[in-house]
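Taking the form predicted on its own, here's one chain by itself in structure tokens.
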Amino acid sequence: MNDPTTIRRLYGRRQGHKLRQGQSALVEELLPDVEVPASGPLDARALFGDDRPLELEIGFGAGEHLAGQAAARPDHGFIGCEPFLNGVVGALGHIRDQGLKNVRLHMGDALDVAERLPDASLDRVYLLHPDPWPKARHAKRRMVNDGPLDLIAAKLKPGCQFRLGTDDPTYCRWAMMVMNRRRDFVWTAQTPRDFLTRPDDWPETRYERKARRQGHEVWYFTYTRV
């Protein structure tokens, strides 16, 4: 297995606009209640107090998809990882407004969390619109690379799903190339419609809507862990 710790800068900036007072209050008051513990082994019981199924979203943006999935399956536990502070604030707002009790957040590198989970412990992993790192010399920083994918494969249960979404043509081609050479994932698409149409259980995000308004195509890939 390639060591994912050798490539850690898989995202860009960590903070955008200055937080408003209410947003700062969310970080100070709600985040400590839903934050992934800073150290030690992780599993469903450590995070949620029982042995429920676990799902992981890598880079959840403003949290719309994470919240939608959590609301749809309240008996599952959802771990959301996002290095961008303003995105964490967005997710906290969804957790508060929807009364979600089955979400835990990590403001930082998703691989740090994944490494602390038992092997074959995740029912789904989501990677939606990751930073494309469009320059060729930065390709090694893309999350869809063998190091991170080795870790994702190790943590997913056999027969469970890795979902990838992107509107970047370069990333789409790169991801298809990398995923198609692997033997631990199988692409589930049977027709073009399967990856050109957003599945019913794939909540739309504001980023995706913006991409469509700008005339971008969006691709939805679902891979099954062999």
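As the structure is a prediction and not an experimental result, all values here were calculated from the model. Residues carry their position along the shown sequence, with the first being 1.
This next part talks about the form predicted together with a small molecule, which is not shown.
- Mapping the unseen interface onto this chain, H129 counts among the residues with a heavy atom inside 4.5 Å of the small molecule in the predicted complex.
- At a distance threshold of 4.5 angstroms between non-hydrogen atoms, L149 is out of contact with the small molecule in the predicted complex.
- Proximity of C81 to the small molecule in the predicted complex falls within the 4.5 Å heavy atom cutoff.
- Residue contact with the small molecule in the predicted complex: T205 places a heavy atom within 4.5 Å of it.
- Just one of L105, L117, I95, A110 comes within 4.5 Å of the small molecule in the predicted complex, counting any heavy atom, and that one is A110.
- When the small molecule is considered in the predicted complex, only one residue from M143, A153, V125, V89 comes within 4.5 Å through any heavy atom, namely M143.
- Residues placing heavy atoms within 4.5 Å of the small molecule in the predicted complex fall in a single listed stretch, namely 52-60, out of 31-39, 52-60, 186-194, 172-180.
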